[in-house]
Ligand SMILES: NC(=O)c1ccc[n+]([C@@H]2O[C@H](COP(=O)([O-])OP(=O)(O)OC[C@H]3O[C@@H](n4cnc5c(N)ncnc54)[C@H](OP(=O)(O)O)[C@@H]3O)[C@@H](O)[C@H]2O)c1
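In structure tokens, one chain follows: the form predicted on its own.
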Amino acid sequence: MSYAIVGFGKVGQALAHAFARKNIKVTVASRRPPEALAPQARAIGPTVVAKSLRDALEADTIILAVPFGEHREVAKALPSWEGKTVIDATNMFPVPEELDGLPSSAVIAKAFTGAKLVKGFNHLIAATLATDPLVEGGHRVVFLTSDDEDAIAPVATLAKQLGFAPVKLGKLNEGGALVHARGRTWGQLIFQDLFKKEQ
């Protein structure tokens, strides 16, 4: 399984740190050329490799870490997203009226035609996402939601490999509402992030 992070701002870099901590190879890309990203990528770790957007999109699983408004530009970079898993790590706040009550991921899913879309890694602030998820004997949680149940399992496996505790919330318009912005309010599970096993 190959991985790419598209978007190399605070969230993209935080996710790159998570991959580097576990020595898992990941490609990073953004609108900037790879040479511009390479020094920061190298500073994060040797498994983080900057590439062009086109090359990065050859990965099996793409983590979308761009501002919500840029997702359509990324979606246009491939003629078809068949066979790809897209992890939507974006947030949109406040939510504009044109979403008409839909979670933002439902809009992103339409743009990435043919892809398996999973909402995940979006509810932790970048500074928290960048730190070791093993805290006080527990693991930071990653909430996962998708309209394609088969798509969640490999993303849950990735979350575990990165040291997080994946929690499946069901479909985008059901459990997904718990971790989405709605109007001017956040879903009630946003910023809830620690899972402790009972002794």
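Residues carry their position along the shown sequence, with the first being 1. Being a predicted model, the structure only gives us computed values, none of them experimental.
Although it is not shown, the form predicted in complex with the named molecule is what the next lines describe.
query = Are all three residues F8, V11 and R31 in contact with the named molecule in the predicted bound form, where contact means a non-hydrogen atom within 4.5 Å?
reply = Spot residues vs the named molecule: full contact, yes.
P67, heavy atom within 4.5 angstroms of the named molecule in the predicted bound form = Yes - in the predicted bound form, heavy atoms of P67 and the named molecule come within 4.5 Å of each other.
query = E73 near the named molecule in the predicted bound form, any heavy atom under 4.5 Å?
reply = Flag for E73 set to yes.
inquiry  = in the predicted bound form, does N122 come within 4.5 Å of the named molecule, counting heavy atoms only?
reply    = Within the cut-off, so yes.
message = Can you tell me whether A89 touches the named molecule? I mean in the predicted bound form, with a 4.5 angstroms heavy atom cut-off.
response = It does: once the named molecule is placed as it appears in the predicted bound form, A89 has a heavy atom within 4.5 Å of it.
query = Hey, of 165-173, 38-46, 130-138, 23-31, which bit sits against the named molecule in the predicted bound form at 4.5 Å between non-hydrogen atoms?
reply = Checking each option against the 4.5 Å cut-off leaves 23-31.
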